[in-house]
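Read on for two forms of one protein chain; each stands alone as structure tokens, with the labels structure 1 and structure 2.
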Structure 1
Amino acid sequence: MAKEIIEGVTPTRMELLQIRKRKALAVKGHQLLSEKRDALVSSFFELIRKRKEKRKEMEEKLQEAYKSLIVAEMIMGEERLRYIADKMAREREVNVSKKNIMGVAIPKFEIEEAEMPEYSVLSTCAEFDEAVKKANEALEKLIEVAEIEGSVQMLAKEIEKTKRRVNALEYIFIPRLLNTITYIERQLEEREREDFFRRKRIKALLERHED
């Protein structure tokens, strides 16, 4: 199988110098992209570890809030609990911005500061207040998990893209440049041999003519 070279290449010394420069740049680019890929992979697995921790924290807060809510329901009654919960229901804004990891823009979520719900403490119980507190803490953990999930997805895409570029340089572009350099060098060597024998024949003809 013939080795691939760059199409339309002219086997000249000037072309050889240009392709050697391109090869040097490609090798340097391959090194930098490989380092970027490794750093991205390291950040990716660090986020995976962090996601596991944050999920555990979130689940614990949800369980604590649920337990407090169950006790509050037993004390207050389901109807009263639902009435107060409906009065407290409100939307909270989540601000979305970006932060940078190795040149990759990943999401950053910030939930607005929670306001104390308006309800009479005389109409509730300590377990209800604790459930509200734990639910707010769980919501903050949920936002953290969502941010990490988004970051994991963005990093995974960038890792895949960087891997493709590294592989293209390593297995296609750089070998093609090396093959082209070898091709030009052989063509130049062949041309030099032909010139050498041509000069030798001319010299022999001149010497014979002089005789």
Structure 2
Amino acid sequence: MAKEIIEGVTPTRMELLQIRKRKALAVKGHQLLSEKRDALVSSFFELIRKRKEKRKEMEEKLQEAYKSLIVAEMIMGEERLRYIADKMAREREVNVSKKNIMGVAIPKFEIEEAEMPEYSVLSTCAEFDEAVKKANEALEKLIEVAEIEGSVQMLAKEIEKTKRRVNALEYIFIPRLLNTITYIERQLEEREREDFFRRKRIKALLERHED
């Protein structure tokens, strides 16, 4: 593999010039891509840190919400609470848009404002209101986490892709181009030596002939 060259090259000066051009391009591409990779990785780390923070907040909110749900269930009865929860016909939707970080499209979520849910005040208790409020807060935090985890996912994929490209250039394409260049150069040199020798030989022959 170390001495691999591009298949089907003819050792000519034209080809050599072309391959030199390709090599220069590959080196430049490699440099750009590895810069991109480094930039992606640094923003990736930033995201991971942020994710950890947000996740902790989210988990706390969720625990709180569970607690208030249990209290509400205790007062109203599990079945009735679930019945009312089922009947609360409203849907919170999220608006999705895309943001661009260094050529990577990452999702951005925006949750619609919580409307006042419709349920009878008489059949519920204050704890139920509390549980609804806490559940909404937990959901809002969850959306923030979703945004970050979505970005982590996209960035991770992009980093993988960029890494693969950088490695391919570094370990396969560029060495192969370099090997091809040396191969052509050697062939050309060899040909030149042959030519030189031939000319000398002919000259000698001619000189001998004249004598």
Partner chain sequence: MKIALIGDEDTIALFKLAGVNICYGSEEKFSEVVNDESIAILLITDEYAEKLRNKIIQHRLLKEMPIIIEIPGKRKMEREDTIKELIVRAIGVEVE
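Take the two forms, superpose them, and find the largest set of C-alpha atoms that agree within 1.5 Å; that set is the rigid core. Keep in mind that this is a model prediction, so the values were computed, not measured. One-based numbering along structure 1's sequence throughout.
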- Matching the form predicted together with its partner chain against both blocks gives structure 2
- Query: Comparing between structures 1 and 2 on the rigid core: C-alpha of I106 shifted by 2 Å or more?
  - Reply: no
- Message: Does M58 shift between structures 1 and 2 by 2 angstroms or more at the C-alpha, the core having been superposed?
- Response: yes
- Query: After superposing on the rigid core, how many Å does the CA of R80 move between structures 1 and 2?
  - Reply: 8.7
- Query: With both forms fitted on the core, how large is the C-alpha shift of K134 between structures 1 and 2 in Å?
  - Reply: 4.4
